[in-house]
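Quick heads-up: it's one chain on its own, the form predicted alone, in structure tokens.
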């Protein structure tokens, strides 16, 4: 699909997490979009993408659930682009697109379930699924963002954390690794580009795509805490003030396990955990409450006040 596509009006698939623990991400994404003149039209009657639970039990059912979201956006709403800010939702819709293009068994199951549910079977290629980073990068871009900045993030040292599902497995992201202008699966940089345009100092963070253990939080909290502690300590080693996130599962995990690492392991770390959309909102001059800073467990409101951003 063309990189020149107009992304100023897209179908918005928030997913389950953004209605719960990731509400600040939803709040800040919608607020930033509105401030930048971008139109997010929520997918009607959307359902869970299948997340991790359904995919682990029945991958073909997960393919169907994700395909239904794309079918509604395409067939019922007439969109050719779905924006999913959650890494899990983004990943699962991209995987469903791949599976329905390459796996006849997945196609057969999806056709059967779609007919039973009474809606058109999704046709691969009808929509392009993009992440919130793609959306802002392609709809506004660094130069467009710079023109709109009223409260520079200058002086903030930020470690950008993308998580593992944003880039893996590589084969479901054919638009990445396509040379200049495209995202990289090895060294993703879209968040770096946008926040640097907003004035921030981006530190060289070596664990930007390492796993946070989000899938294991309930079954093995100790392992998740240790994985998150690696991320937090690496950010402190980089002298980062903030770890910027773009995934609700990663964000919640970093916040909760930062507390758990201190209380259970006696390991205190200092970096604040903040969604990248919250940071862009602040740079656009938006109120801290408008972008949901008060909803974060990682208490950063006083820090931003000291920086003149809240």
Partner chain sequence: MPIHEQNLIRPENIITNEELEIDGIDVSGHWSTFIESRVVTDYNEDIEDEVAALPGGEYINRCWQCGSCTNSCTVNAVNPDFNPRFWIYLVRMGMESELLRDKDIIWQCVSCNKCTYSCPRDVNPEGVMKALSHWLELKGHTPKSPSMHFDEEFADQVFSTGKIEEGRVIRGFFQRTGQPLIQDWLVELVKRLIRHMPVKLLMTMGLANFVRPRTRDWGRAQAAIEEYVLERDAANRKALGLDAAGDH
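Residue numbers count along the first chain shown, from 1. Not measured: the values here are computed from a predicted model.
Another form, the form predicted together with the partner chain, is not on view; read the next lines as being about it.
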(Q) Only one of 148, 226, 157, 151 gets a heavy atom within 4.5 Å of the partner chain in the model of the complex. Which one? (A) 226
Q.
Please tell me which of 202, 113, 77, 107 lies within 4.5 Å of the partner chain in the model of the complex, judged by heavy atoms.
A. 113
**Q.** Listed range touching the partner chain, judged in the model of the complex by heavy atoms within 4.5 Å, from 185 to 193, 77 to 85, 233 to 241, 125 to 133
**A.** 185 to 193
Q) Can residue 91 be called a contact residue for the partner chain in the model of the complex at 4.5 Å between heavy atoms? A) yes
(Q) Using a 4.5 angstroms cut-off on non-hydrogen atoms, would residue 270 count as touching the partner chain in the model of the complex? (A) no
Q: Classify residue 121 as contacting or not contacting the partner chain in the model of the complex by the rule of any non-hydrogen atom within 4.5 angstroms, answering yes or no.
A: no
Q: Would you please decide whether residue 259 lies within 4.5 angstroms of the partner chain in the model of the complex, comparing each non-hydrogen atom pair?
A: yes
Q) If you look in the model of the complex, which residues in 43 to 73 sit within 4.5 Å of the partner chain (heavy atoms)? A) 45, 46, 47, 48, 50, 51, 52, 53, 54, 55, 56, 57, 58, 59, 60, 61, 64, 65, 68
